[in-house]
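Shown below, as structure tokens, is a lone chain in the form predicted alone; questions about how it binds or moves come after it.
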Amino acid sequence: MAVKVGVAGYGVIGQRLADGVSLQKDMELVGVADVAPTLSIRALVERGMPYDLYCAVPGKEKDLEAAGVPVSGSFDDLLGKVDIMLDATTAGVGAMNRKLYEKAGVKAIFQGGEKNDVADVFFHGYANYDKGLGADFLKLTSCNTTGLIRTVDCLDRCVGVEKAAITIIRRVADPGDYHRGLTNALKMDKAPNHQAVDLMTIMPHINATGLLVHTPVTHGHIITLVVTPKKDISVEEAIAQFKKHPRIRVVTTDEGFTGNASFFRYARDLGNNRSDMYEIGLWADTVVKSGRDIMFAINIPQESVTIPETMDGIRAACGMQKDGNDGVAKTNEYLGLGKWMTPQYMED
């Protein structure tokens, strides 16, 4: 029997969560909830309402209906029909919604914008799937931390990782956002960045620290890592391990992947919905060694990268797969992750 899922907040992340759930053959998307006729909601209407919409706040139904948005019921109605909610609301709203989920006896997964104490488990599908088994409330790592953990966990499983030094070149806003203003400057954050701290929360056996630089771009973050392995590993061996990971796409600059926008354009040329990529990009020609340390650079498609790990969270919380390897494999299968792994790709 399919697990019944609802999504709260149909914005940048929420609409992608809805699409991700709809691709899982063992899950059923019951509906999405929002409060206003935003551009995302208006586009949903113009697409013929593929998902039922529920009004998240009493009294806002009139605003939605006045804009021609059909409303299927209240937030309480949605909670009465689901096993688990994916909360992609504005930071702080999720913490308030948790009380509603508790009252309704519904599990929930919160996105990275919420504080860690909103949930019982800080979750990543690959690094700590077992901690999410049967949990009522999970919180996902941020987009950057999600991508970081994929690569660090990949090496950790192979040779063990002692420590990691992380530099994040962070996009300032999502495409289409104006609230950060138009800028022509870089901005430095204090060290350590929260992504390094969050990585250690998920993987406490690794010593991590990092810097973060805000940049006036929108299409993805770029992160450089210097990882100290417990056992020596060559550049070629490290690249081979990365290539085995279904959520890491190994590329080169010679292929045309010269920067963050290259991934966005490639996803668009592939015909991906909204030009999304679930996988992170890793430049093979940035993988170098300094003594025993391995250094490399990755690209984080911030709008969609957490979707696979959220699907993993549903599987863990609802006990759909008890083994983490089985859980992430099922998510990968339904999202089509790793389909580019041809024999030629693995050999290059």
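Start at 1 and count along the sequence shown; that's the residue number. Note that the structure is predicted; figures quoted are calculated from it, not measured.
Keep in mind that the form predicted together with another copy of the chain is not shown, yet the notes after this line are about it.
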Asp52, Glu61, Glu28, Asp285: which sits within 4.5 Å of another copy of the chain in the predicted bound form by any heavy atom?
Asp285
Ok, Val172, Leu133, Ala91, Ala104: which has a heavy atom sitting within 4.5 Å of another copy of the chain in the predicted bound form?
Val172
Test of understanding: in the predicted bound form, would Leu23 fall inside 4.5 Å of another copy of the chain by heavy atoms?
no
Looking in the predicted bound form, any heavy atom of Ala329 within 4.5 Å of another copy of the chain?
no
So in the predicted bound form, does Ser142 come within 4.5 Å of another copy of the chain, heavy atom to heavy atom?
no
Heavy atom of Arg98 within 4.5 Å of another copy of the chain in the predicted bound form:
no
Pick from 105-113, 146-154, 209-217, 238-246: which stretch has non-hydrogen atoms within 4.5 Å of another copy of the chain in the predicted bound form?
209-217
With the partner left out here, which residues of 246-282 have a non-hydrogen atom within 4.5 Å of another copy of the chain in the predicted bound form?
Arg249, Thr253, Asp254, Glu255, Gly256, Phe257, Thr258, Gly259, Asn260, Ala261, Ser262, Phe264, Arg265, Tyr266, Arg268, Asp269, Leu270, Gly271, Arg274, Ser275, Asp276
